[in-house]
Structure formats: C-alpha cells, structure tokens
Ligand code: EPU
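Presented below, as structure tokens, is a lone chain in the form predicted on its own.
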C-alpha cells in the first residue's frame, strides 16, 4: 500500500491489525533484502511529500516529508545555497529511510544536521516529535531503527549559507584539484561526489542493496594489535579512544573477496562493500556469501562484521 499522507499510514496500520497480518514500512527499498518467499504481510510504502523553508535563529530550517527522494532533496539544497548535505549526494532512497539509517559519507553524517524528527507512533496512533538528542543518532543507527513502532513522517534540517563545504576526505580533495587556489562551490562538491560514487557503484541493471556491511568500530588498543598484523589497514580515529576500520579494506585485503562470485551472487569488482546479483541469485545465495565473508574476516582478525542491509521480515 502506498501511504501518501499520515491518514493513509494510519488506515494501513489499522487494516493490518484488523486482518491480523504483519506489516513492513518501506522507504525507497535501496538498502533492503527481500526473502525468497517474499513478505507474507502488508508492505506500506511511505510516499507523502512536501517541503517548507523557515528562517530560525540565524539558520535556515528546512522541513521535509519522509517520502521525498533523498538525492532530489540534496540537489535542491545545493541549488538554494544551503550547506551541510552536499557530501551525501547520490545516496539512494527516501528522506525517511535516510533518517532511520543515519546515512553518512565523506566526513558527514545526516544526523548532525537534524533539528527534530516527527514520527507516527503505531502503538499510540499519535504524532510525536523527537529532538536531535532524542533521536539517538549513531553510526548507521537511530532510535527509529531500534523501535519499529516509530515511523518517520517529517524531518527538520538546520542548514546555513555561511559555511564552507567539507572536503577533507582525500578522494574528494583529489577530485577537486582542478587548478591552483581553487575554491569549490557546493555544486562542485556535489558533482565530485556524484562522480566518485558512480565510479564505484554497479550499473543500474545489476541488482544490489548498497553497502552490505558497516565499518567496524573498535577500541584503540585492539586496533593497535590488529595493525601489527595488517600494517596497511585503513582506519579513522574517533572520540573516546575508538577507531573505525574500513570494512571494504578488510574484505578486499584480508578476505580476498573483491570481485569474487558464487554463482550469480558476487562481490562487486570496484567496491568490496557491495554485494551484487548478476542475474538469478536468490536472497539465500546473497546471505550465504555474506556469511562466508563474515566467517573469514572473523577467523583472520577476530572482528565480526555487522550487516547494514535490512532484511524484510
């Protein structure tokens, strides 16, 4: 069922309960794996749209509905000159899905720009508003991912025209090194990131659910021990004596899985985090390959890779 309003969403929940069937809330479906037997219940696709711009306390607050396409929204913000989201260009899916996953890329996490999130609580059948702090944003985490009863319906982002784009990631800096003393615009950064992502991601005719695994976060002490065995490991320092490791690096350099195929299930040859369906792979085939990858990485490093992809169930 397509929910183009909060009323549609409410009716769908009531219908599922009356029929005593499970339901699944779907955004764009870009980070979702569907079981081979399908989903034996009601899929509710969030499609309500709308955008409002409000000036508040020196910032621009942009209020947007959860059914809007994420990259179209980012494109509009860049056109408006609002800084903050351009590094998240070309991420597929909807605004609601982006909030649930707390998407991040090239030094930016979406949750950093959020002022508040409005949800429909399917337990109380009421609208509730969560502050940024109450959203409990973490690495590919949020309270909405942990509590399925909270369905995102609207989001307010705090953006500004006065900040410079963030280009500290080497890939982004390299892409923007066009001439001496070049000062990139928001559009320059957006175009660079679109180009970078296009070079890494499969063509549209190849099935994929996006990045399959999260980057593991471990203690600095444990990272020190792992680095003894793998000196070239790609890592990123975090606060509180934590380090984020590159799952793609581990999969490619420790596991040797980049470009490998198991029938029609495979690891994309241009990005080791991307599991792909080359034609007739089943969900079982994809999960079997993912399990093999996890086993090898755990055996060689002690690190347990955690899935980023959501299983429809």
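Numbering follows the first chain given and starts at 1. Given the structure is predicted, the values throughout are model-derived calculations rather than measurements.
Not on display, but discussed next: the form predicted in complex with the named molecule.
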{"item": "Touches the named molecule in the model of the complex: residue 61 (any heavy atom, 4.5 Å)", "value": "no"}
{"item": "Proximity of residue 32 to the named molecule in the model of the complex, heavy atoms at 4.5 Å", "value": "no"}
{"item": "Contact of residue 276 with the named molecule in the model of the complex (heavy atom, 4.5 Å)", "value": "no"}
{"item": "Contact flag, residue 270 vs the named molecule in the model of the complex, heavy atom cut 4.5 Å", "value": "yes"}
{"item": "Contact segment among 217-225, 73-81, 118-126, 133-141, judged by heavy atoms lying within 4.5 Å of the named molecule in the model of the complex", "value": "133-141"}
{"item": "Triplet 200, 236 and 246 all within 4.5 Å of the named molecule in the model of the complex via a heavy atom", "value": "yes"}
{"item": "Listed residue that, although the named molecule is not shown, lies within 4.5 Å of it in the model of the complex (heavy atoms), from 111, 210, 184, 93", "value": "210"}
